[in-house]
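As C-alpha cells, one chain now follows by itself in the form predicted on its own.
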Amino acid sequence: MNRFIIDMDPGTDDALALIIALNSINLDLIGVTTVGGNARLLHTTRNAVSLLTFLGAQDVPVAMGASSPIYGSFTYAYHFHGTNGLGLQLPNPSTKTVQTKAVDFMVEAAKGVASPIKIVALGPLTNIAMAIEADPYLIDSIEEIIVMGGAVECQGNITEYAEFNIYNDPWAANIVFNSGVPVTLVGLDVTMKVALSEWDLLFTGDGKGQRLARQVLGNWSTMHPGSVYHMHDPLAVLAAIDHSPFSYHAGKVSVVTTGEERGRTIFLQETGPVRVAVDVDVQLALNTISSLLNSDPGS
C-alpha cells in the first residue's frame, strides 16, 4: 500500500476526494496538509480537521500550510463552494492541527522510510514548492505528485487561459513541474468531462461518507440550481489509486506567471517528467468514484 499525503484546500470537491481516499484500500493516508485557495487558510484547515473527525479519521495528522502564494495573495472561491468553503457546518473537531507546519511535515514524513511517499495536491502548489525549495533532497523521496490543476487544451475556469489552482500560485507550479519529480497532471481537460447530476439516487446508504456526500452536494445544488457538479478533486485522487481510466501524454509543462495569461499551462509533448491526462473513460471513472464514495468501510 502506498503512503500518501494529501495537500488540500477544502472545498466541496476536496471533501468528496477525502472520502474516496479514506475508503480506498490502496491508499495509506499518513497526513493532510492545508493551503489557502478555495477559502482562507483558517477555513480550509478547520474544514480538513472537521471532515476527518466526522469521517472517523481523526487520527490522521493535519499540518497547516501557506496562507498566501509565493507572491501576492490567493483568489478565493466562496461564491462557488459556499460559506466557510464547504457551505455547511460540521461538528466541532475532536483534534487540533499538529504543531509542525506543512513544509516541515512533508520533509519529515519522507525521511527515513524504505519507500518514497506520494503527494496528492488538490489546491495551489505553494506548500509543495516551498518544501522542495527548503530541502532539495526531498525530490528523491517523492515517488509521484498527482496534481489537480491545469488546462492544457481547453479553456480555463477562472480566466480564459487558466485553471483555478495553477492561477493561484503559478510560481509554485513552475517549481513543482521543473523539480524532476514525476508529476501526473489531472486538469480540466479530463475533469470537465466527468460530472454528477443525479446524486440523490447515488448515495442511498447511511454511512458517514454517504451522508456527508449527500449534504455537500445537496447544499451546493441549492446554491447552483440546475448545474452539474464536476468531479475535479475526486478524479485526482482516483488517478492516485488507479490510472486505468486515464489516457496520458508525457512531456514538460511550464506556467505563465504574469499578465493576461497568468496561470496558463503550456505543455510540450516530448520526453519529460510530467504526465498529462488528456482523456478519461467517463463511465469507468464515475463508476469507480461512486463505488468508493459508497463503500464506507469504517462506518
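Just so it is clear, the model here is predicted, and its values are computed rather than measured. The numbering used is simple: start at 1 and walk along the sequence shown.
Omitted from view is the form predicted together with a small molecule, to which the following refers.
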Looking at heavy atoms inside 4.5 Å, which stretch does the small molecule contact in the predicted complex, given the options 47-55, 269-277, 253-261, 227-235? 227-235
Is there any non-hydrogen atom of T34 lying within 4.5 Å of the small molecule in the predicted complex? no
Answer yes if any heavy atom of F164 is within 4.5 Å of a heavy atom of the small molecule in the predicted complex; otherwise answer no. yes
Touches the small molecule in the predicted complex: A151 (any heavy atom, 4.5 Å): no
Quick one: is L122 in contact with the small molecule in the predicted complex, heavy atoms, 4.5 Å cut-off? yes
